[in-house]
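Here we start with a single chain on its own, the form predicted on its own, put down as structure tokens.
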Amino acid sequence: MERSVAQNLVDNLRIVFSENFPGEPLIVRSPGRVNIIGEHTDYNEGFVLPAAIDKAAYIAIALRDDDEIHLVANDLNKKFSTSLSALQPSSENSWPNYILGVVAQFVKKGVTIRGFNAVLISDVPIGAGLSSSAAVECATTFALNELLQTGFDRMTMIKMAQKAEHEYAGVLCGIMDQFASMMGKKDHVIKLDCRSLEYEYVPFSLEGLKILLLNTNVKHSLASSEYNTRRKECETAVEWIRENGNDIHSLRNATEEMLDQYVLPKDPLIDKRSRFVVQEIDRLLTGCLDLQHGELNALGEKMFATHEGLSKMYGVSCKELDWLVDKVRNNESVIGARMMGGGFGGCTINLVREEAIDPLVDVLKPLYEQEMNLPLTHYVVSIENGTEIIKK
């Protein structure tokens, strides 16, 4: 991690806290995440391959002797106050809900909770698909668990943070974002089974390579409605396979032979959607073997294949994402690239030779801005540990 960047954030956080509140706070860091491969597999009970990154949310927090909650969002230059007796989602501001939703989870578990003062600061870009909200939820959960001495394990805290997002932010997210933020391990990706929640760390040594995220700066309104449609299409494919005596409960256990037999003849579009998922689960499993053998080029090829599938088969890409992947496809300094996240905007994730990053961005930036009439922003990230207390 770039200690200077992280240290500057923490120093700033301490200053802002002391300007607003008395006492010495506990400081917790919780990172954003990337997902190397395995997209739209989570709700199909497949696997994902996320990693925590060196951009994170930091919370400075100290308990009070009353039931008041006072929050400062430093990056937004905003403040918010409420009390435990009036705990409910804020309709005026969305940002406090990621913290208040966590408080509600402690209350639901019967924890005797006290009011607190907190300052939030983050360098996880908002709206770039790096799970800035999960970072805030996990930081808050971890900090309150420590201060209240509740002794919850990380898996319990992951589920609490996920529920906070469901119930207070109103987003029915899967568990990957909170899991990666809480459980990240430096220089490793997490092979997470979305059905059993079993996981293993897979070494991800990027010698001479860096992860470059290129942000399209676009979010098409299709995202949420199409997400629900894709879930339904996958469920329909499973129903058709089950009707023919195959005891499967998700696309996790479907094969392409089953799709050939029971889905393709009925509906070529649903076949295309479900076939992408079956192929993507296989790509992830073989991609983990590539990593274990140190074959990053083979993993990179699978990333390109994933993008092709997300664009042509699953139909969740957009012209801006496709443009960015097409422009690096034949660049020998780019090992792999694909769109990342739900789709219709956000970032592409690229594995790029370190020395080639600046020249690549210098070429792409003016071309993209001219072609798309949008700014192109970029972030270079490395793989870091998950949620942790910042010692002095």
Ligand code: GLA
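Worth saying up front: this structure is predicted, and the values here are computed from it rather than measured. Counting begins at 1, following the sequence as shown. C-alpha atoms forming the largest set that superposes within 1.5 Å between two forms make up the rigid core.
What comes next is about the form predicted together with this ligand, which does not appear here.
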query	finding
Residue contact check: P50 to this ligand in the predicted complex, 4.5 Å heavy atom	no
Proximity of G346 to this ligand in the predicted complex, heavy atoms at 4.5 Å	no
is_contact(Y227, this ligand) in the predicted complex, heavy atom dist at most 4.5 Å	yes
Any non-hydrogen atom of M176 within 4.5 angstroms of this ligand in the predicted complex	yes
Which of 62-70, 360-368, 323-331, 34-42 sits within 4.5 Å of this ligand in the predicted complex, heavy atom basis	34-42
This ligand in the predicted complex - contacting residues of 329-363, heavy atom within 4.5 Å	G341, G342
Core-aligned C-alpha movement of K78 between the shown form and the other one reaching 2 Å	no
Large Cα shift (2 Å or above) at R230 between the shown form and the other one, core-fitted	yes
F344 C-alpha relocation of at least 2 Å between the shown form and the other one, rigid core basis	yes
